[in-house]
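Presented as structure tokens, the chain that follows is alone, the form predicted alone.
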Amino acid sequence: MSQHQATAPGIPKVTEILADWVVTIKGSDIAPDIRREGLRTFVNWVGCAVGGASHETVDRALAAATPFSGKPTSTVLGRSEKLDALHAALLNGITSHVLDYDDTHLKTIIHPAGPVASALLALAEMRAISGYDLLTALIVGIEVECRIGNSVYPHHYDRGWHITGTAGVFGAAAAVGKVIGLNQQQMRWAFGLAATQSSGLREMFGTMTKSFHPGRAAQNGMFAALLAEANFDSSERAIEAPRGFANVMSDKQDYSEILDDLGTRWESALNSYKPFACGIVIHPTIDGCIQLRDELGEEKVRRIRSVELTAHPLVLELTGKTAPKTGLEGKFSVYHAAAAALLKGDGAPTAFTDEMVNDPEIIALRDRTKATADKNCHEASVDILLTFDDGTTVSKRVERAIGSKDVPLTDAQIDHKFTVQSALVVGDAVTKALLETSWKLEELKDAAEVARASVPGSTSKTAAAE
């Protein structure tokens, strides 16, 4: 073992053990309920990727990337453009996260599907991958990124790293390495190559760069696996070495979170799907405010004198922007989210546009909203107090918001979320066919059918029959 690979006595060979597990696990080793949750994750991701495809962030990324793309093999979901697989992975990672509407692993706030699914589906248009194998690789990749995230969270996140980008690159490398058949040695190298590309800063929240993180994680993770396939070597202790990922990027290194119960305890089973298009910590506030609007009626909420929110300190740390100027900034303003939910009953992407953020009525109520941090309040809870012009008050406590693991979205609600955002981009007919194709992923001999079905104006056997 070379000096740079040495680890402290008693530290397990984390990278080696994890890589060996990725290589050897089979699709049949994954229980049906875990595969079903993986499918829900995939369907939700496709809807988010198409839903974000027309955002100006994507237009600008495409303009920058297209001149440097190689052979156009892979679809940018929801658009007519194709790029090489590496750049398509980047763009689909951006589209799927730009609305902040994608899945969330609540233990770490990782958005698991973006880095992994973006890499896999882009590759599927270049190399034949069955739907069954793609789903297996997706679940394995999510497991890798979330376990690595668990091992360093929250210290890593508190330092300012955007954990979707930093852990996501490992998930993409694992998933792509799985489907292209890396051996155990190559998979260890792939993790080393992923580790050295791990990045993403929370400073970028509220800007276009936030969605760049899962995109770059998808692209870098795929390239890590492809380099390893070509026997491009790397450290074999990249996760646990003294100068490796966990020690350099976190004050916490809990390797049991990575290694314990591999293949029996599934982090993908803990995934959740957003009903609202913003940071997950605002969801209790939006849920509660929409409930209050429904209970009180539109006329009553327009007589609100003040709004008082009591939430965990993390809520204000992440979403404390009091005067957002753009839709992207609005996603990180609990004040804007509360005002939009009360006045418009909206937490969808339409609540976080530039126009909504600068609406005078929204601004007026936002300015009358106060948020207080209480460390005794759970991260997933909120207390809301409304005071009206006549001095009367109404309060509501939300213990767990809709979309959480305690109040999960049903398949029908995922379908509705998919349909509403996708139809705005590609129309009703394409959306319907794409949704059906996505749910049938495991039956597809060619997983790339999903990408092809997302193109505006595309047809399928289902659509044609109707």
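Under this definition, the rigid core comprises the largest set of C-alpha atoms superposing within 1.5 Å between the forms. Owing to the predicted nature of the structure, the values given are computational and were not obtained by experimental measurement. Numbering starts at 1 and runs along the sequence shown.
Same protein, other form: the form predicted together with another copy of the chain, not shown, and the subject of what follows.
**Q** Which residue, Val394, Ile363, Leu270, Met204, is the contact with another copy of the chain in the predicted complex, using a 4.5 Å heavy atom cutoff?
**A** Contact with another copy of the chain in the predicted complex is made by Met204 alone.
**Q** Just one of Lys82, Lys344, His312, Arg216 has a heavy atom within 4.5 angstroms of another copy of the chain in the predicted complex, so which one?
**A** Flagged contact: Arg216.
**Q** Though only this chain appears here, would Pro67 touch another copy of the chain in the predicted complex if you measure heavy atom gaps against 4.5 Å?
**A** Contact check for Pro67: yes, within 4.5 Å of another copy of the chain in the predicted complex.
**Q** Hey, in the predicted complex, is Ser199 touching another copy of the chain, heavy atoms inside 4.5 Å?
**A** Yes - in the predicted complex, heavy atoms of Ser199 and another copy of the chain come within 4.5 Å of each other.
**Q** Does Phe232 reach another copy of the chain in the predicted complex if we count a contact as any heavy atom within 4.5 Å?
**A** Answer yes; at least one heavy atom of Phe232 falls within 4.5 Å of another copy of the chain in the predicted complex.
**Q** Going by a heavy atom distance of 4.5 Å, is Arg60 a contact of another copy of the chain in the predicted complex?
**A** Output for Arg60 is yes: heavy atoms within 4.5 Å of another copy of the chain.
**Q** Considering another copy of the chain in the predicted complex, find the one stretch among 135-143, 304-312, 224-232, 368-376 with heavy atoms no farther than 4.5 Å from it.
**A** Answer to the contact question: 224-232.
**Q** Checking a candidate spot here: are Tyr101, Gly149 and Leu262 all in contact with another copy of the chain in the predicted complex (at least one heavy atom each within 4.5 Å)?
**A** Negative, none of the three is within 4.5 Å.
**Q** Using a 4.5 Å cut-off on heavy atoms, which residues of 273-298 contact another copy of the chain in the predicted complex?
**A** Going through 273-298 in order - heavy atoms within 4.5 Å of another copy of the chain in the predicted complex - the hits are Gly279, Ile280, Val281.
**Q** Comparing between the shown form and the other one on the rigid core, is the C-alpha shift at Lys321 2 Å or larger?
**A** Yes; Lys321 is a residue whose C-alpha shifts (by 2 Å or more) between the shown form and the other one when the cores are overlaid.
**Q** Determine whether the C-alpha of Pro284 shifts by 2 Å or more between the shown form and the other one once the rigid core is superposed.
**A** Yes, its C-alpha moves 2 Å or more.
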